[in-house]
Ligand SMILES: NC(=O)c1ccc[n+]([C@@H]2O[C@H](COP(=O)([O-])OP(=O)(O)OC[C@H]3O[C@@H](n4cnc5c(N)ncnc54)[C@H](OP(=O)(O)O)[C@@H]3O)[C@@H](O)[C@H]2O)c1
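For reference, the chain that follows is the form predicted on its own, supplied as C-alpha cells.
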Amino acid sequence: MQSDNDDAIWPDVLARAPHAASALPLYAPLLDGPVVLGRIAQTLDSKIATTNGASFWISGPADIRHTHRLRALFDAVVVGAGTIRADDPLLTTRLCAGPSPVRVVLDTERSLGTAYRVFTDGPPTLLACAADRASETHGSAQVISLPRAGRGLDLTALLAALRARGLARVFIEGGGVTVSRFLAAGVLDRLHVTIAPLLLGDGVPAFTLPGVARPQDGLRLDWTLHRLGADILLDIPLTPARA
C-alpha cells in the first residue's frame, strides 16, 4: 500500500536511489529507462467529469499529490487540447519536490488561442499539430509538425519526435480521449487508474475505445492495488498484454 510518509524520501526517488524500488513499489516500475504512462482519475461509475465538464475535484488530495510526483519523475507531460480549454492547467510540480516536465499539448488543428497559461508562463511547452496546420511557434511554445492519423495525430511519430528532443519518459495526463487514443494505438507501457468513491450518474466517460463483440475479445489486464487516501489506484502494466 502507498504510504503518506513517502514525501520524506521523494528526493531519493528523483535521484533514483538504490532503495527506491523497495521503498516505493508504486513508483519503482517507472524509474528505469524510457516509459510511456497513461493516467486517469475517475469516479466509481467511470466518469472523469460532469456533463458540463467540471472535474475539480473528483479524486482527493493524496491522488493530486501523486499526479504532481509523476510530473516530477517524467521528462514530458502530455495533455489534449480539451484539457487545456477546460482547466487551463499549469502542469507543474507545485505540490512536491522535483523539476517540472516539458509540457506537450496535442492540438491537431492548432485551434487553441495563445492566452492559456501553458503558452504564457512556466516551463517550456511544445504544441503538436498536423503538418498542414503548423507554424514555428504558438505563443511561447515551439510547434511539432506531425502526420495525421484518423481524427488525431500519429502518436508513434509524436513519441519519436519527443525522444529526438531527449524526452524519453512521457506522462500522458489527460484527458480521457487523449489517454484512450494512446491506449488504442498500443504505445502505452503502463496505466494508472485512480477510482474515487464518488457517483455522478452521468458525465464524461473515462475511456473511449473501439467496442468488441464478446467479453473474451476485450483486453484483460492485471493490476496492483494501492491506496491513496480515500481513493484507490490501479497500477496496470500494458506491455505484456500488448505482446
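On a predicted model such as this, the values are computed, not experimentally measured, just so you know. In case it trips you up, residue 1 is the first one in the sequence shown, and so on.
In what follows, reference is made to the form predicted in complex with this ligand, a form of this protein that is not presented.
Figure note: of the listed segments 136-144, 94-102, 149-157, 113-121, the one touching this ligand in the predicted bound form, with heavy atoms no more than 4.5 Å away, is 149-157.
A residue is said to contact a partner when one of its heavy atoms sits within 4.5 Å of a partner heavy atom; Val35 fails this definition for this ligand in the predicted bound form, lying far away.
Looking at Ala76, you'd find every heavy atom of it more than 4.5 angstroms from this ligand in the predicted bound form. Taking the partner from elsewhere, Arg39 is found to have a heavy atom lying within 4.5 Å of this ligand in the predicted bound form.
In the predicted bound form, this ligand sits within 4.5 Å of a heavy atom belonging to Thr108. Proximity of Ile48, Gly53 and Val177 to this ligand in the predicted bound form is complete: all three residues have a non-hydrogen atom within 4.5 angstroms. The partner is absent here; in the predicted bound form, the one residue of Leu162, Leu126, Ala81, Ala72 having a heavy atom within 4.5 Å of this ligand is Ala81. For the candidate set Leu200, Val204, Ile195, Leu191, a heavy atom within 4.5 Å of this ligand in the predicted bound form is found for exactly one residue, namely Val204.
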